[in-house]
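Take a look at this single chain, the form predicted alone, given in structure tokens.
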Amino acid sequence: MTQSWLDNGKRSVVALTFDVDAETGVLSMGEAYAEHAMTMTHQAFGPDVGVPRILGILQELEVPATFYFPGWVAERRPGLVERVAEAGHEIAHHSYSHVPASSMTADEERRDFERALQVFKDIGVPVYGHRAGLWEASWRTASLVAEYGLLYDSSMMNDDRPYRVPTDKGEIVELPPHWSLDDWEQYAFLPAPQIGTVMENPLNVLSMWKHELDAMRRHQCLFMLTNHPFLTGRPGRAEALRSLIEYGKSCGDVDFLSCRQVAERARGDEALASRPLMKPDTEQGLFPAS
């Protein structure tokens, strides 16, 4: 019998993911923001308060999650990666600096990628997957993920189910995210740098995400939720997350899996789509210069 990434008669898989960007979420836009005490403490709320609060909810509801750490954050919060791993959750590679790979040269991207890998090696926590800073992968990123033996990436958006990505260094699984399931667009606000303009009511976000989950159950999709502890770790938002998980569990046809678990299932699914990365062939002079 052919294995499917959707097992046991389930209609959808929920992957709860948390990007523990902390200060890098802003420093990757400019190191001058290190001088902004409010901005930096706003970001520090994530690992210092948000992560423990979210871990408590996940423990109470007995669901797994994947925490994506920039190496810089892991280095500067001794013991935090281990605490998350000891709670039974997956740790994944989220670059070293959170600077978008799309803005780096090939050498810069490799150095940043390798530096993060070394951080996790030194901590002693294995990583199986990768997510580019700001999801801004380059056309080289997938090959790097394959070259260093990681199982999956979660940065690209040309499907709403897992798919295979062949590269010159081997094949990986892509677990596609999307902006509609990201708390950044709903909650992010800072005056400097100017991030977002409206902080949405968590009950509206809950309603939207429940609707998305219902639609994905109908269409048999991967519900890849991306949250940031400095945003969703705030009390009202954390309780909306709790309600969403409770709703998903009540549906009866939804699996809650870590990204590694989804990718391992997908790797064994012979029917999984293969989508080679293809940079658009542009005609010189046709499109505006950036």
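Being a predicted model, the structure only gives us computed values, none of them experimental. Residue numbers run from 1 along the displayed sequence.
In what follows, reference is made to the form predicted in complex with another copy of the chain, a form of this protein that is not presented.
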Given that the partner is absent here, does D160 sit within 4.5 Å of another copy of the chain in the predicted bound form, heavy atoms only? yes
V198 versus another copy of the chain, in the predicted bound form: is there a non-hydrogen atom within 4.5 Å? yes
I'd like to know whether P280 contacts another copy of the chain in the predicted bound form, with contact meaning heavy atoms within 4.5 angstroms. yes
With a cut-off of 4.5 Å between heavy atoms, is E185 one of the residues that contacts another copy of the chain in the predicted bound form? yes
Since the chain is shown here on its own, which stretch among 165-173, 81-89, 116-124, 134-142 would lie within 4.5 Å of another copy of the chain in the predicted bound form, judged by heavy atoms? 134-142
If the criterion is a non-hydrogen atom within 4.5 angstroms, does every one of V63, R110 and L257 touch another copy of the chain in the predicted bound form? no
Where, within 47-69, is there a heavy atom within 4.5 Å of another copy of the chain in the predicted bound form? Residue list please. D48, V49, R53, E60
